[in-house]
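Read the single chain below, which is given as structure tokens and is the form predicted alone.
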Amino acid sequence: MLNDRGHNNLWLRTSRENDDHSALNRDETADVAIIGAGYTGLSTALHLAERGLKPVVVEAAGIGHGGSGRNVGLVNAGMWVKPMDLIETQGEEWGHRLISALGDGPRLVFDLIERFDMACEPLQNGTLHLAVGDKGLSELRDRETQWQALGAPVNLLDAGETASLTGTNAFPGALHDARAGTVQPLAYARGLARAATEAGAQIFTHSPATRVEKRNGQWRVQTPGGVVKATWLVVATNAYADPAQPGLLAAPMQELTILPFFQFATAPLPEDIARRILPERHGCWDTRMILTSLRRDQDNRLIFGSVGSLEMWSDAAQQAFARRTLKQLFPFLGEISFEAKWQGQIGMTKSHLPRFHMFAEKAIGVCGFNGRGIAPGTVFGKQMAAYIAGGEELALPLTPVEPAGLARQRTLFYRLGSCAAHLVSARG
């Protein structure tokens, strides 16, 4: 996991949902043992409990400690891959099944938030994919055409409309997806944990899985405080699996290239300034290869994110890049200071699509959300619960783990390359 020394995660500080779970200190027997308390593991636990099964979740740190508590908070429909490219990659049947499931993903997220009254700043007014130059605008036109052919409420805005919704004239257009929205991401994860617990799931934090084995037809998950025995096992660690652990515990990392992502948050903006920047609080990201993201939280903090890490050698460069970019976009901001900074990591697959695996008999998991974890993690958690409880198929085909060649080298390239790009560019 990434080193958080000197960091101050805004989401941890502002979450109105609590994490009051404790470590496992006894042996437990369950129908399903789940490793990882992020969106996927918690959604699986919630939907299993609602089907009358007993899930037990073990988490190495706190609820949402990994990507679920470190991301931008964009609840998007679909994946990064364009719809037609996805169909070409997955085939007609699986492609349309996946597009349908993930297209409805934001609706599932916001329905759960409403049903369980989660205090996570939900706002479902769409997201904006911002065009950078003519090339970016052409890409967004293609995305609009493909999504509209599938009946999705996705529309390309012109420069004037984009400026009105962002507060800057820097972008010639933006793709608005009305299905999408934003949440406080850690609070949503904690809300899922609360809902799962209320439904009958058991969740234990600060209980790292140190060994997994199968004896007499039962999975045994060893933690420092006790063992969870279960018929089924769900590995829901994704990009935060520990590669140093044996066997199944490290399996997700075999096929993932790790992409670092950092964020900075300003102090709450004065009301007159806040009204000029993202006046409807849309979450945004741009079309550059080394993308940047923008959003405001409910207290009017402006949150800036981009690909890269915040390590001792890169922190100052990333902060300078963030200030330059914000000053270029919003010259009226004045002096820019940050009250919070944090980083996370994204698990990337070769296809840029998630993959469903049966690691062993009755041991399953979905890996590689490629920066789209909130809605897909929730969707696939629900689908894995249905798969375990009733044999229903997922929207992903069952595939073997495909080792990512040169994954460590690619990860190092992203860490070093993004910092180098940020040193010389205003927007990456």
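All residue numbers refer to positions in the sequence shown, first residue = 1. These numbers were taken from a predicted model, which means no experiment stands behind them.
The same protein has a further form, the form predicted together with a small molecule, not shown here; the description that follows concerns it.
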* Report the stretch among 134 to 142, 274 to 282, 90 to 98, 73 to 81 that approaches the small molecule in the predicted bound form to within 4.5 Å, counting heavy atoms only. => 73 to 81
* R51, Y188 and A193 each touching the small molecule in the predicted bound form (heavy atom, 4.5 Å) -> no
* Counting non-hydrogen atoms within 4.5 angstroms of the small molecule in the predicted bound form, say which of V234, A241, L256, L130 makes the cut. => A241
* **Single option in I203, L123, L249, C120 placed near the small molecule in the predicted bound form, where near means a heavy atom within 4.5 Å** => L249
* To do: Indicate whether the small molecule has at least one heavy atom within 4.5 Å of a heavy atom of W147 in the predicted bound form.
  => no
* Even though the small molecule is not shown here, does I346 get within 4.5 Å of it in the predicted bound form, heavy atoms only? -> yes
* H47, heavy atom within 4.5 angstroms of the small molecule in the predicted bound form -> no
* To do: State yes or no: in the predicted bound form, is some non-hydrogen atom of V58 no more than 4.5 angstroms from a non-hydrogen atom of the small molecule?
  => yes
